[in-house]
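First comes one chain, alone, set out as structure tokens in the form predicted on its own.
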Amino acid sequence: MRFKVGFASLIAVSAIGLSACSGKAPPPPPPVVSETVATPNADSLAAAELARYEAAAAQLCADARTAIANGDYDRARMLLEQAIRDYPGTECADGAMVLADAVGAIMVVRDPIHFEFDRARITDDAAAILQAKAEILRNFPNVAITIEGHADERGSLEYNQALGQRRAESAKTYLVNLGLSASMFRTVSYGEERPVAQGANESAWAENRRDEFVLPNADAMLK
């Protein structure tokens, strides 16, 4: 073993000596290659997460506005409430609070009222709904509303057409007596032609004896 070690040492010394005699320097050691991997820092990760957060909120608001444009106010309000609940602090959520209130106001104005059989008088339930409409409409004097009168299927077409008109006029008169301008309202009757419930029974008839409130320029309440 000692012989082997000594012999190896002798060879190494001889190699160095030969290199020195030849005037050539020994080859340099191979370079050390660093394998440093770039990793995102905390700031870039936070920025990316914030961008995703803002984008998700913005999509909810965009979908809500599409629903509003399509007249689907129930869906619009649901989306806006989700933005407020799930994405507080975003531009969408801040604006959604005001927009959700406006959508809620539109829904109150659009809420139908119903009538007793063969009657056009305003019931206590209908009066409460009309009073809620009036409270909102006082803030929007430029909004135009079409009041559509409807009847159930019993009676002749002509009779129900006239009954629907009386019902529409009855609601208009009530709202005007609450201080609203008559110029805000237009009345029309569809008689029994546009039922919302099918069936020859009291439940369906009660649903169809109604006034509908249509806002051709509902956008005026969203500004």
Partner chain sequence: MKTDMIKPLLRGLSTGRADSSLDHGSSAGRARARGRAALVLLLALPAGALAQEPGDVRIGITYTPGYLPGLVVTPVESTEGLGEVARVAEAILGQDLEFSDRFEMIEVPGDFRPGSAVNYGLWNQLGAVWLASSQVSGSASAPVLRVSLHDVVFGELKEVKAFSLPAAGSSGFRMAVHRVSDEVVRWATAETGMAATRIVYRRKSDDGASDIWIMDSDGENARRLTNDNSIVYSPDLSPDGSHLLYVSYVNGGPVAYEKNLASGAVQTVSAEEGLNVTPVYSPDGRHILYARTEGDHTELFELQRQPLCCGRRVTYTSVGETLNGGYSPDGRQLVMTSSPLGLPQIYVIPREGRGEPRILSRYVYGERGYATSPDWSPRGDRIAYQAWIENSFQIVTVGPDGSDRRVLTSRGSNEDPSWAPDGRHLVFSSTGRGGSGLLILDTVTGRVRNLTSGRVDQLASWSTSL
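Worth saying up front: this structure is predicted, and the values here are computed from it rather than measured. Residue numbers count along the first chain shown, from 1.
The form predicted in complex with its partner chain exists for this protein as well; it is not shown, and the discussion that follows is about that form.
- Using a 4.5 angstroms limit between non-hydrogen atoms, residue 198 is distant from its partner chain in the predicted bound form.
- Contact check for residue 53: every heavy atom lies farther than 4.5 Å from its partner chain in the predicted bound form.
- By the criterion of a heavy atom within 4.5 Å, residue 161 is counted among the residues contacting its partner chain in the predicted bound form.
- Not displayed here, its partner chain is approached by residue 156 to within 4.5 Å at the level of heavy atoms in the predicted bound form.
- Checking 94, 72, 111, 118 for any heavy atom within 4.5 Å of its partner chain in the predicted bound form turns up a single hit: 118.
- In the predicted bound form, 193, 194 are the residues of 191-209 with at least one heavy atom within 4.5 Å of its partner chain, listed from first to last.
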